[in-house]
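Quick heads-up: it's one chain on its own, the form predicted on its own, in structure tokens.
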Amino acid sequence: MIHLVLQEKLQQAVLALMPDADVSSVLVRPCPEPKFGDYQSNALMGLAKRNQLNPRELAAQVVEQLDVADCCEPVNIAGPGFLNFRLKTDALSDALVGAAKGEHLFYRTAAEPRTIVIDYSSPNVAKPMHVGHIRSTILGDTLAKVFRLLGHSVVTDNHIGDWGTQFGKLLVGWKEHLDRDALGRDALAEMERLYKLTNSACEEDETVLIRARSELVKLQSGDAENLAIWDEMIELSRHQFDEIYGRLGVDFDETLGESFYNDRLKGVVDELVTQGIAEESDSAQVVFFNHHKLLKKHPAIVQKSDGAANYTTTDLATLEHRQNSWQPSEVIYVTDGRQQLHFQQLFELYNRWKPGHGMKLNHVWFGAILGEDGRPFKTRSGEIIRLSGLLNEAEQRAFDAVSEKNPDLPEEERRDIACVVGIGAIKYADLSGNRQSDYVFNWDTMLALVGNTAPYLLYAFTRIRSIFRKLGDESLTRPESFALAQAEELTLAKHLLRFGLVLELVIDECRPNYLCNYLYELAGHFASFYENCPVLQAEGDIRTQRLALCDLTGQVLNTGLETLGLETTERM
């Protein structure tokens, strides 16, 4: 929160000199080199360049206007115009005292909350969720949690695939080859079997393909029998999806599938044609992007030559519904990187269709999960890995590790710990890297008790909790101040103060790995503090202050892990 005070004062100082300046980019960030200070701003160099001023002279003038003596040592001007801020110990102490009193936890909620719609997960009906769904599900859920933590209103929408050509083949398979017993045991596996069976038959026998098309037309025309089967497919699918989401601790405000928008699709196409945005080409309705450098060679079809709509049409109707229903300031789509072109087209098209809509349209894309051979992560036989099986294996591996480390714990407790550690390890491995990079799935790495892993952070939290178990009935006293006389205390305190800044960076760039890295560094700073600064053996005010530092570290770790969607445990 101190960084926000510094940032606001810096912006005011700039405005005092340049009343018309856009200070939205005048930001204060952690200093990359602690020897130069605690926080830094390089914004004056860009501001000087835009206004044809000498950056160092501008920096000197701004510093004259800047009053931060209450929390900082004299501001240092470095290089061509960097401003370096070093916090006073008293300011650090005041921030820690406020946190210890429960006034804040080093972040503040938005003064002007925004409404954000986040679209993520989006499995297809009648198909098991597989490993490919995990990145979207975990990333979207974490972003929703961070936005909410900072006081924003979030609508999460699981846009499931419950309409389209695959249902013609599914209906043929259901009517001709359904095994009711198998459906009862594992509905999604049976429906996947039916689809594969009919799809192969369609490739070999055109009469099967004709039957599939006929069943699809009947479904789309409202045939009672086909609608009843389709409804059952959706219900069975959602039941199994919800099992997975329950294990992942993920839920949604809305689950509006593609079928929800079906009645709006013709109107969307008609409006695009009427506005001159879409035009006929080879009997299809197409949007050309002749004035868009990147999309010039990639026109978008909004109605196929047979009159059917497609993903683009449905996504336009979906975006319109979101605008009308929730008036969001931002809509975020969390999908893999292969859909970048689709969303570039969608956003450009919506901007032309609804100019002045006022929403930020944001495609948050991610890379692939690879096996240790560097290829897409699959079973040894080449099958896509089902998500339920992956979660089972994570819990079993964690259970084996917990049983080896703590064989005397009751089995039920070991199972509970294994669930927290196993699911947490998968989530954290996914979130801790740059989302746009591919990452290699490795059980040994993600379940390791050392390094930037969920088990390491969970273990750090349990160590803090064990300190307070040793206190027994002794109550925690709130310090009136923090001396921070040892270097490790000072380093830990300064890192705690950066929690809010990191949360803001996460939502600004939709990158949860910033929070993962922060928590990993926090655990490291705490370990160094605990090793070099006796806590329970200390006396008087020093003991009180160090216990409070332990407590605040535990609170930040717990809040950070919960925001990443990880449960914590008292023992490991």
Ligand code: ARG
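All residue numbers are counted from 1 along the displayed sequence. What you see is a predicted model; the values in this text were computed from it and never measured.
Keep in mind the form predicted together with arginine is missing from the figure; the text below concerns it.
- This chain lacks the partner; the member of R463, H152, R211, H133 within 4.5 angstroms of arginine in the predicted complex by a non-hydrogen atom is H133.
- For the options Y439, W443, F343, W365, the residue carrying a heavy atom within 4.5 angstroms of arginine in the predicted complex is F343.
- In the predicted complex, S281 stays away from arginine, with no heavy atom inside 4.5 Å.
- Contact check for H159: a heavy atom falls within 4.5 Å of arginine in the predicted complex.
- Under a 4.5 angstroms non-hydrogen atom cutoff, arginine in the predicted complex lacks S305 among its neighbouring residues.
- When contacts are judged by a 4.5 Å heavy atom cut-off, Y311 counts as touching arginine in the predicted complex.
- The stretch among 222 to 230, 419 to 427, 329 to 337, 67 to 75 whose residues place heavy atoms within 4.5 Å of arginine in the predicted complex is 329 to 337.
- Not one of E254, S259 and E320 places a heavy atom within 4.5 Å of arginine in the predicted complex.
- Shown without its partner, the chain has no residue in segment 64 to 85 with a non-hydrogen atom within 4.5 angstroms of arginine in the predicted complex.
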